[in-house]
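A single chain, nothing else alongside it, follows as structure tokens in the form predicted on its own.
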Amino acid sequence: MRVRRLTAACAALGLVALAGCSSEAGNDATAPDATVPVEEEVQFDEGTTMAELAEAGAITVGTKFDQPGFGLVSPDGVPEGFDVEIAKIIAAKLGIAPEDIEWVETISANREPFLQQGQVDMVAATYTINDDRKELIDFAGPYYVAGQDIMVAAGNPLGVEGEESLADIRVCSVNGSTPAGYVQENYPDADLTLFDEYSLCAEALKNDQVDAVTTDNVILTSFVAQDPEAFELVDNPFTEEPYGIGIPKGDDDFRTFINDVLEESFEDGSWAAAWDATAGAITGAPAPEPPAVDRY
């Protein structure tokens, strides 16, 4: 496989105004209203992560800054999207208001290191649960199940039909992502370009530097919805990608708490409201049935 590894330097592709280019965004602006009220009185067992966060009245959350519908920095400098709203729901149950969340940009390649090094308390960033990652960190969830798909130029000039085309085209994905790993494992002769952010893959496709972008369908759908004259979704998913909340390894109490919060959000409508206000509003897709939480 010929792999071209390129860093996420926005200036390299002229992405001066592209959301996600500033790693400082989101730290000093007021976040939008969350979909659930903040708990006014919370009580947790002493020594737990929940008790520590509730006492501090703040939480640090890793999320994407460049993915429409899931984690995209707004003009106000605050990330918005479905992942962001899920994180706010969890924070609210800890008694933490949206404005007391510190958002840290995480790309696919640094999610596990950020958790292991204590740079974030949790990660909500289109984070596929898999066994390899579970060796390093723990997951709550899933809270959504996507599927790997392919985005091409509008009109699909090369006639890409599905994953079998990946072996014959210039394809772009992201360092450290499961879609990139899928291509490397199943199509070792593919001409694969790797960036640090999917927005750079989308720009490369628009500039005819690659023929296609592959990642989870819901991420690609959001890019298509934002620029339908440039992009088209093949719409033939070929994997299942369960999204979970990443937390440090071995924190079983915190994982149980988040799982409880997710299941409650499935039942009380706040999960569907978060979808409708974010990814659903961009793609036009109604909220799907929530997945079953895996309490491994």
Partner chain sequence: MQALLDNLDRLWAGFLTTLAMSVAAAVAATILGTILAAFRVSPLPPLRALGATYVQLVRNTPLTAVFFIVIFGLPAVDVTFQNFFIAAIVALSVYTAAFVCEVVRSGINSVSTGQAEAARAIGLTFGQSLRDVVLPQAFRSVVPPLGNLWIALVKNSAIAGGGFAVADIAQLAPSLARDNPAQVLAIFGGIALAYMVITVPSGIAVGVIERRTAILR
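Residue numbers count along the first chain shown, from 1. Fair warning: this is a prediction, and the values are worked out from it, not measured in the lab.
One more form of this protein exists, namely the form predicted in complex with its partner chain; it is left out here, but the text below deals with it.
Shown without its partner, this chain lists Ile101, Ala146, Val160, Ala180 as candidates; in the predicted bound form, only Ala180 has a non-hydrogen atom within 4.5 angstroms of its partner chain. This chain lacks the partner; the member of Ala153, Ala225, Ala204, Ala167 within 4.5 angstroms of its partner chain in the predicted bound form by a non-hydrogen atom is Ala204. In plain terms, the part of the chain that comes close to its partner chain in the predicted bound form, with a heavy atom within 4.5 Å, is 191 to 199 out of 88 to 96, 191 to 199, 213 to 221, 138 to 146.
Using a 4.5 Å cut-off to its partner chain in the predicted bound form, each of Ala109, Gln184 and Gln209 places a heavy atom inside that distance.
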